[in-house]
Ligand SMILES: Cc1cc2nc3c(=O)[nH]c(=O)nc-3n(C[C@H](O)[C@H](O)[C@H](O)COP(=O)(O)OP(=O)(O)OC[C@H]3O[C@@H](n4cnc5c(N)ncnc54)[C@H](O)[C@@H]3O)c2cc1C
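Only one chain comes next, encoded as structure tokens, the form predicted on its own.
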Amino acid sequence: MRIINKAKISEYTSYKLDGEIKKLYIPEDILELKKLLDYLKDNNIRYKILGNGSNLIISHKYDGVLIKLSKFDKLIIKDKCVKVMAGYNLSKLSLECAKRNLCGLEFAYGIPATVGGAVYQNAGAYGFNISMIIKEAIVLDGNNIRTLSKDEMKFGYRDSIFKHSDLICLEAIFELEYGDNVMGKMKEYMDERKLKQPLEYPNAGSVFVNPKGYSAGKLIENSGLKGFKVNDVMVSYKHANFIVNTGRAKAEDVIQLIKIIQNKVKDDTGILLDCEQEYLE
């Protein structure tokens, strides 16, 4: 197992925030992962399973460790059935499926996540999400490996059972369909991302869940917060539901800006925006 001491947060999260983590573990396989989890639990050491760190705010004060499943990266595509391990890159998976004219994952092209992270978050875009195409997941439940059906994963908007339990997604099974112009649709989505999202700055995607019937970005923009800064973090001029790192930001700067946004929008509209990004402190 690879162990990285004093791992830089900036190298493992898309916000590129300042700070270090005591240890980052990269297990080779499920057996190593099980042994590591037993050790951490026996010694009361906090841990977090890390995907691409694209929806995560990690404080330099976080006293736990990170576990990255980048070695869990096998992919098997047989007809319309896609079996893929949790560490596989989601955009790469979307591309591999498109090469075979398999549709259903076009929305995922450009989402900077691993498959496991996408299942955990029920990642989505353009009216589509992971729960629409997933059939089953192989999970680690304590020391047992078992299969969860789609219903058992209890998907919601940017939510799943994985957020509320110790279950770890090891592998996902997707059921796709054959389609036409899959690559063309992916290009459309990517062009739209480049046009509307601040990809030129480190960020962690959409910050707030869209309240029912509203656009979080529009609410923030209407509150006059585009371009508002706390030290080196800023509400994006391009899309107000994105916070960007313009220099050497810390997690605390991001959290402070999130609270300012929530308070201002609530004062203006009565709506409390729900943050969809996870904070480790």
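Since we're looking at a predicted model, the values are computed, not measured. Sequential numbering from 1, following the sequence displayed.
The next section is about a form of this same protein that is not shown, the form predicted together with the named molecule.
The stretch in contact with the named molecule in the model of the complex, judged by heavy atoms within 4.5 Å, is 44-52, chosen from 44-52, 209-217, 222-230, 245-253. Against the named molecule in the model of the complex, the set 19, 59 and 65 makes no contact: no member has a heavy atom within 4.5 Å. At least one heavy atom of residue 193 is located within 4.5 Å of the named molecule in the model of the complex. When the named molecule is considered in the model of the complex, residue 158 lines it closely, a heavy atom lying within 4.5 Å.
Taking non-hydrogen atoms only, residue 124 approaches the named molecule to within 4.5 angstroms in the model of the complex. Proximity of residue 278 to the named molecule in the model of the complex: non-hydrogen atoms within 4.5 Å are present. Residue 199 is the only one of 77, 103, 199, 95 with a heavy atom lying within 4.5 Å of the named molecule in the model of the complex. Comment: the named molecule is not present in this chain, but in the model of the complex one of 86, 82, 186, 137 has a heavy atom within 4.5 Å of it, namely 86. In the model of the complex, 14 is the single residue of 6-38 with at least one heavy atom within 4.5 Å of the named molecule.
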